[in-house]
Structures are given as structure tokens and as C-alpha cells.
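Only one chain is shown below, in C-alpha cells, and it's the form predicted alone.
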Amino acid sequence: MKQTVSLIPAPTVIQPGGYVPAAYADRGTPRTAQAEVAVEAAGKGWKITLSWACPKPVDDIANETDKFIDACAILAPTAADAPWMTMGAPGQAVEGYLWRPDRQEPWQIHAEGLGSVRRGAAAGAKAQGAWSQGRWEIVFELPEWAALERHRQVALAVWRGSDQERAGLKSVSPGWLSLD
């Protein structure tokens, strides 16, 4: 599967806590309008390439408490009807991989609803990111991924640090994207 995806802003109204829904209530357009994604089987694993326009990359925030870093994530449902927008639900988890330019390895993530994201080492996974001519391109090389193999769907999230995107402030795919 290879396609261009029009992204939408993650709705701030569903974010936990009171600050983000109030402070960012006017975010009606995605900070990253489109992304290109290619998903292909690679041996027993997967190669996923994600790219998007980013005119002002933020690739390091060491010792900066008022800046936010660029990032992206690829998700797959572990249950057929797992909601992507809320990062799953109890008993309907989503799992995936999170890339940030200031890390050598991606994180593996698991969630069953807003505010439940757990992240840890991603055994056997690699992610290589490069920024050039106003675009990020990230290549994930992933081991066997049962959720992706079983449900053949992915969802995308992109954070643009220069626009203060972090946590639930992000641009996302408008739903699950089918590999078929």
C-alpha cells in the first residue's frame, strides 16, 4: 500500500484534563495537512515509510522546556473495532511505533484509551529519519507485527514541534487505512 493521506487535527475536545481543550479550542485545521505512507512486507516483518512537509524541523530539545520536538507514530488495532482516535479503548487496544529525531531507536507503544499510552523498548525495530528540503522521511523497519498482519490496517500521527504539537495535539489520519 502506498498513498497520500489528508490529515485532520486530533480533536482537542476529547483530550484529558482541562487545559488543552480550553487553550487549543480554536485548532480546527491540521498543522500537517498531508502525509505519504508506504507499507510493504519485508521478510517476516514490515517496512513502513512515512513522509510529510515540515518547513521548520525541530529535532533536538535538550535543555529546552518550552519547545516541542517533531515526531510520528504508526498504529495498528489489536481488535477489529478498536477506535483509532482515542488510542483504543479498554479491551480494544492499539499498538504501534513512535519515532522522534532525538532517539536512536523507536519506542513501541500500547494504549487502551486516552491517557493510557505505555511506551517501551521496541525489540528488533529500527527507524531512520532524515529531513531534507522541507520534508521529513522516516523509514521504519519492523519485526513481525501480529496486529498489522491480522487486521491489515494502520493509522498515522504526526507532531510538528514548531507549532507546539505534543501529546494529543497532533495531525492524524482520518481513520484506519487499509493495506488491501
Partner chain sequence: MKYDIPKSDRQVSMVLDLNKCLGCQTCSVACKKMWNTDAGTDYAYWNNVETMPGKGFPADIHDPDTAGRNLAGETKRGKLPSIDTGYGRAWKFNHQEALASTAQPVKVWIKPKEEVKWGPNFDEDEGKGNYPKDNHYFYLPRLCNHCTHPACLDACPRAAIHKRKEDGIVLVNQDKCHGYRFCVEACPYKKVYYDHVRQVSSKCIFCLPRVEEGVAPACARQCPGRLRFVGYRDDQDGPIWKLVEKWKVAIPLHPEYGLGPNVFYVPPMSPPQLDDQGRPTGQPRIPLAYLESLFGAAVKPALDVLLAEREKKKRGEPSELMDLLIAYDWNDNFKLAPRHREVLA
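Positions refer to the first chain, counted from 1. If you're wondering where the values come from, they're calculated on a predicted model, not measured in any experiment.
This protein has a second form, the form predicted together with the partner chain, left out of what is shown; the following refers to that one.
Undergrad: Counting only heavy atoms and a 4.5 Å cut-off, does the partner chain in the model of the complex sit next to every one of 52, 57 and 158?
TA: Heavy-atom distance to the partner chain in the model of the complex: none of the three under 4.5 Å.
Undergrad: Might residue 133 be said to contact the partner chain in the model of the complex, defining contact as any heavy atom within 4.5 Å?
TA: No, residue 133 is distant from the partner.
Undergrad: With a cut-off of 4.5 Å between heavy atoms, is residue 43 one of the residues that contacts the partner chain in the model of the complex?
TA: Although the partner chain is absent here, residue 43 would stay clear of it in the model of the complex, with no heavy atoms inside 4.5 Å.
Undergrad: Would residue 169 show up as a contact with the partner chain in the model of the complex if we use heavy atoms at 4.5 Å?
TA: Contact with the partner chain, yes.
Undergrad: With the cut-off set at 4.5 Å between non-hydrogen atoms, does residue 144 touch the partner chain in the model of the complex?
TA: No.
Undergrad: Quick one: which of 125-133, 148-156, 112-120, 33-41 gets within 4.5 Å of the partner chain in the model of the complex, going by heavy atoms?
TA: Going by heavy atoms within 4.5 Å, the stretch is 112-120.
Undergrad: Given a 4.5 Å distance limit between heavy atoms, list every residue of 59-81 close to the partner chain in the model of the complex, or none if there are none.
TA: If the 4.5 Å heavy-atom criterion is applied to the partner chain in the model of the complex, 59-81 yields 61, 63, 64, 65, 66, 67, 68.
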